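Let's start with one chain on its own, the form predicted on its own, as structure tokens.
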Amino acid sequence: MELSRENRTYRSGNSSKTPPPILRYRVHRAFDEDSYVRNGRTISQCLAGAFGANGVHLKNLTILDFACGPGRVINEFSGFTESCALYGSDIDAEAIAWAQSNLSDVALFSTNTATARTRYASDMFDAIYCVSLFTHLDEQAQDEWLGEMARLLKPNGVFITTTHGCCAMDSCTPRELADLQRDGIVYRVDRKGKFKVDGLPDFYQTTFHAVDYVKKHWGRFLSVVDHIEGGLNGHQDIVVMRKSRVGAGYNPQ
């Protein structure tokens, strides 16, 4: 009912650079345009601040927004950059098609598959950011994508992503909290198949991380140089990682 109403409103007079309601819902869990734009702006400010605090000046760089959806964040983030080449990639072909048609002046957009190998060249990007993806993947998928991020980064390049840390654990059960303390990671499976109504793949669930797990486990792929608890809107943690040397990547030792 609400989606139908929002679709009618959108078709009758949309003139802003915001996608259709169903695409907004997939990334934002809400239909209204105001909160969609406002949150995109706030997230981009948090990311720009994290880059700056770790010595990354957003000028003359090649930057990837991985899991960009329809471009909510990169559209705002572009305002913090100067003479940067911006790229966006996502598994959602519908979202990418909209971004290609409406935000081509902001970034070059392309789709990627669920397999952790993109079409981009090795050592292509000075910086990559990824918001609210590792918060929804299981451990194996995270490892695979961390390896891909390491491949894509130039030596000394910086990768920023987010996790559900201590500021986002209100919904955790006592069992999940115990598992998190023991293992450092919890992957919660809620709904699958016809019961999954968010339009996202079954593997996209809810994941929580402990700080020590991120430092030790993720540190096998890239050096963790900063971990800002609640750094994204006081809810998700911001993790800053750096590719420290040529050939840096997965090291099981």
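Since we're looking at a predicted model, the values are computed, not measured. Counting begins at 1, following the sequence as shown.
There is another form of the same protein, the form predicted in complex with a small molecule; it is not shown, and what comes next is about it.
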Tell me, yes or no, whether Asp90 is in contact with the small molecule in the predicted complex, where a contact means a heavy atom of each within 4.5 Å. yes
4.5 Å heavy atom contact, Leu64 and the small molecule in the predicted complex: no
When the contact criterion is heavy atoms within 4.5 Å, does Asn102 count as touching the small molecule in the predicted complex? no
Any non-hydrogen atom of Arg151 within 4.5 angstroms of the small molecule in the predicted complex: no
Interface residue in the predicted complex among Ala107, Val131, Ile128, Leu146, criterion: non-hydrogen atom within 4.5 angstroms of the small molecule: Val131
For the small molecule in the predicted complex, the stretch among 202-210, 53-61, 216-224, 180-188 with residues bearing a heavy atom within 4.5 Å is 202-210
Within 4.5 Å of the small molecule in the predicted complex, do Cys68, Asn112 and His136 each have at least one heavy atom? yes
